[in-house]
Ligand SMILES: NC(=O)c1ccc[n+]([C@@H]2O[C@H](COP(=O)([O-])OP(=O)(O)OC[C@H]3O[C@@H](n4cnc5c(N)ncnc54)[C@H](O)[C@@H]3O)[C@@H](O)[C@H]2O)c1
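What follows is a single chain, given as structure tokens, in the form predicted alone.
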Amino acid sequence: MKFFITGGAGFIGSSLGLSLLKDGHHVLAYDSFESTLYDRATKERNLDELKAFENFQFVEADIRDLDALNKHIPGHDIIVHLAAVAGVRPSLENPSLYYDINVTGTSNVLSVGKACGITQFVLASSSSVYGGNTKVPFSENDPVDHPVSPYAASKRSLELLAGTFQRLNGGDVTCLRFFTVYGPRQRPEMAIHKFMRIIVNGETIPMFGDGTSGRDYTYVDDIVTGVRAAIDRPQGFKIYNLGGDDVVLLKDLISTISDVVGIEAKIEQLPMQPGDVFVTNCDLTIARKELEFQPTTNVREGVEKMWAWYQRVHMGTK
């Protein structure tokens, strides 16, 4: 199979690409390298392992560039659309950028894909669409009409676009609501990567709230397994949760990272931030039934694997 992966140099995109390449598939990673959250060198490093495969191709271009999409999409079987501008808090400062890339860019990918004969799409959504939902765990059947950040609104808009597109054009379009993904290649501003760096450098972790907020952390290998399950089971238009199936409190996460790294964390408690939700908790009932999805890596194991990666990449250990 020939896969066209937008955001292919990113955290999840490069991890998925490597998995597909190892199984003999052809992968074109399409990425603009434009991000306020990554430096270019980080994304280029993400591609190092992929470049060893003859059936890998990389294109540096933007999903807002229709000419580039029209040039490179033809000849592929499936589009996995992971490209987005991410981050809840930064979206409060520049919402127009989030709508431009996450909504208009998604529309471009779908429309060009259709024109090129693509009939299967898998798109990355986010648990942020659940907003301030106080009913836990979050189910795909819950109302998602009250996002609390422009990022969340852009991801909900992506889902609505995808559903409309599939109803009008047929084919198979699957949206995956990722719950706080972590692991090797994780973006440097995300909590676990950021906390490791802060602890190693002897700095102070800013803890927003009293530490009892919680997240459903999902190890990246489990996410890749879930994405591939969605690829293998096209069913018209579907939305699935992909999460770690366990809520970890912020204070417990910091304690676990500190213990794995072997350095006591210094913590400064700060007020909760606008746009943050207090808890995310993934209901996997539908994904288990229809995708046979079951996460296998708990947070302690995942943090240990990520710490081993962090030492190799950032501290020069083998």
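Small disclaimer: the values here were computed from a predicted structure and weren't measured. Residue positions are given as counts along the sequence shown, with the first one as 1.
Below, we refer to the form predicted together with this ligand, which is not included among the displayed structures.
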query: Contacting member of 101, 112, 144, 205, with respect to this ligand in the predicted bound form [4.5 Å, heavy atom]; finding: 101
query: Contact label in the predicted bound form: residue 38 to this ligand, heavy atom within 4.5 Å; finding: yes
query: Touches this ligand in the predicted bound form: residue 62 (any heavy atom, 4.5 Å); finding: yes
query: Contact label in the predicted bound form: residue 80 to this ligand, heavy atom within 4.5 Å; finding: no
query: is_contact(residue 180, this ligand) in the predicted bound form, heavy atom dist at most 4.5 Å; finding: yes
query: Interface segment, criterion being heavy atoms within 4.5 Å of this ligand in the predicted bound form, picked from 5-13, 18-26, 304-312, 291-299; finding: 5-13
query: All of 33, 86 and 187 within 4.5 Å of this ligand in the predicted bound form, heavy atom check; finding: yes
query: Within 4.5 Å of this ligand in the predicted bound form: residues from 116-132 (heavy atom criterion); finding: 124, 125, 126
